[in-house]
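Below sits a lone chain in structure tokens, taken as the form predicted on its own.
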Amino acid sequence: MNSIHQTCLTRRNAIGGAFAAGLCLGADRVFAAGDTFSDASRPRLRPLPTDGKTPIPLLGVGCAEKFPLRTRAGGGGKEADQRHAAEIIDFALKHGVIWLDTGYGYHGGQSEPFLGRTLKKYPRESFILSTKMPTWMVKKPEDGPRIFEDQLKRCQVDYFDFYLLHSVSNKSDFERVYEKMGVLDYLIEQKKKGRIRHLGMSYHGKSDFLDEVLTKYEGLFECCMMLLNAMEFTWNKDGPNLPKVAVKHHVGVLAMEPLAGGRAAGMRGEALDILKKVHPNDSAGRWGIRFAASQPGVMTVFSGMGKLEYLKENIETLSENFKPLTEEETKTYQEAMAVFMKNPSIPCTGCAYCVPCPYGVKIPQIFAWYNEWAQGGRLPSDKEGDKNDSQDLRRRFLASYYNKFKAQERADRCLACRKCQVPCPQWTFRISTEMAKVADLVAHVEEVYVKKGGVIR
């Protein structure tokens, strides 16, 4: 009997009948006014494709950088934040959101130890835990076993329910790490020993290579995590093909970044009006979560829910009453997204795998700052007649940038060493190229501002 089925049988005694019965039966946003959360709500269960019966919750907790676990804050602030994160996990488990996904480098390496401490009070069979082998950190054959053993200790468990190859994106890295260094053989051996229950991938490449790997190792990988959101599908036209490839090989699809690092939840203006005409009380975040869960073969949608209201809304959205987007709703959402993305943005999800920069550049923070101005349609312009051709806007733009980032943290400090590109899971853009664009824009805005009489202090 598999461990997740055992969960449904043992938890009645271990945690309480109501929680067990509920499980076995079955970004920036807030609830719309008047909405209430039902304490009986649980996420819908979908079967693991490889056996057709193991129940998997449609909603999972992503414990990467969007999860509220600040590792660089000092003193009591850090402790308070971790208490808040633990409260979110407790609430999630109580309401059937039992899959917690982490990674070796998340939150500066603190995500796994945090989960180890927080989950220690729960019976091991009462939650699903997944983590990942950091592909880019494996430099020699012994690194794989060392990292895996360290992860078991950090998470304080004897096995992982799901273990993923992290950030698989191209053939050369896959062959070098997992085949030539024998890391995949090692993980298969751990699976035989019961220390891994299910193997999978966290995939960031093209659909043809995914098909090649799943064909070569048919039946080995049981799930595949991938970027599934409408913004990603706009940047990456091959994106919609990825879940189709997984379905072809009977591999469960795990949706990550359903709200594109929270940006899709910040839809506003004309774009949001398009959605409100169809569902007046639904947030842009709810639309985004539904869009991800409606893609082919999706088994679980992972969200880094930093606030309790986000978790509640997502549970309600992906509950037993969940309905995939209709064809008309899909068209509406894509139309709204097209309007939202008329303003240029950088396809960075804020995962922070790229930091620390050896030269001190605040990479994800700079991209987030730029996207806030860009997607709000507020980038300064010097085109005559343009609504953004304004000295006041230029002044506020420059003040925002110079006040937010110290001199050594700014975009012009990037030397294009490309060290950040190795761990970056995105292949649809290059960090150094986009950083140069930001630096050039700031310099140009400053030049125009001064030329028109502005003073830089």
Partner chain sequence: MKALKYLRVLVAACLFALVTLFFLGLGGGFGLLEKIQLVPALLGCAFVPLAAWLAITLLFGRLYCSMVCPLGILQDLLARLARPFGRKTYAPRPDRASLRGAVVIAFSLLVALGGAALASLVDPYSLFGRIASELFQPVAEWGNNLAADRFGVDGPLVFFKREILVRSASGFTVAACALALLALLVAWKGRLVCNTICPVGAILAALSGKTAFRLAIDPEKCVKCGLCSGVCKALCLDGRNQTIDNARCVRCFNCLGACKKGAISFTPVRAGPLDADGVADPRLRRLATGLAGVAAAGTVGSSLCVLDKRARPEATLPPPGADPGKFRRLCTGCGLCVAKCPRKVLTPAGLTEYGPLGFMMPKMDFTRGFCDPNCTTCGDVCPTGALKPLDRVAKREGKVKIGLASFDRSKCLVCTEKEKMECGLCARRCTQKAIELKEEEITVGDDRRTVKVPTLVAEKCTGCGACENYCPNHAFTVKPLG
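In this text, all values refer to a predicted model and were calculated from it rather than measured experimentally. Numbering follows the first chain given and starts at 1. C-alpha atoms forming the largest set that superposes within 1.5 Å between two forms make up the rigid core.
A second form of this protein, the form predicted in complex with the partner chain, is not displayed here; the remarks below concern that form.
Student: With the partner chain left out of view, which of R378, R195, K276, K362 would have a heavy atom within 4.5 Å of it in the predicted complex?
Tutor: Selected residue: R378.
Student: Considering non-hydrogen atoms and a 4.5 Å limit, does the partner chain approach A416 in the predicted complex?
Tutor: Yes.
Student: In the predicted complex, does F429 come within 4.5 Å of the partner chain, counting heavy atoms only?
Tutor: The answer is no: F429 has no heavy atom within 4.5 Å of the partner chain.
Student: Please determine whether A40 contacts the partner chain in the predicted complex, using a 4.5 Å cut-off between heavy atoms.
Tutor: Answer no; every heavy atom of A40 is more than 4.5 Å from the partner chain in the predicted complex.
Student: Taking 4.5 angstroms as the cut-off for heavy atoms, does D412 touch the partner chain in the predicted complex?
Tutor: Although the partner chain is absent here, D412 would touch it in the predicted complex, with heavy atoms inside 4.5 Å.
Student: With the partner removed from view, which of 109 to 117, 337 to 345, 95 to 103, 370 to 378 is the stretch that lies within 4.5 Å of the partner chain in the predicted complex, judged by heavy atom distances?
Tutor: Result for this chain: 370 to 378.
Student: Looking in the predicted complex, is the partner chain within 4.5 Å of a heavy atom from each of R396, Y402 and A439?
Tutor: Checked in the predicted complex: all three residues contact the partner chain.
Student: In the predicted complex, which residues of 209 to 231 put a heavy atom within 4.5 Å of the partner chain?
Tutor: Going through 209 to 231 in order - heavy atoms within 4.5 Å of the partner chain in the predicted complex - there are no hits.
Student: For a quick test of reading the superposition: does E372 move by 2 Å or more at the CA between this form and the one not shown, rigid core aligned?
Tutor: Yes; E372 is a residue whose C-alpha shifts (by 2 Å or more) between this form and the one not shown when the cores are overlaid.
Student: After the core is overlaid between this form and the one not shown, has the C-alpha of R413 moved by 2 angstroms or more?
Tutor: Comparing forms between this form and the one not shown, the R413 CA shifts at least 2 Å.
Student: Indicate closer or farther: the Cα atoms of R410 and Y106, in the predicted complex, relative to the displayed form, with a change of 3 Å or more.
Tutor: Relative to the shown form, the pair is farther apart.
Student: Did K404 and Y106 drift closer or farther in the predicted complex, going by a CA distance change of 3 angstroms or more?
Tutor: Farther, not closer.
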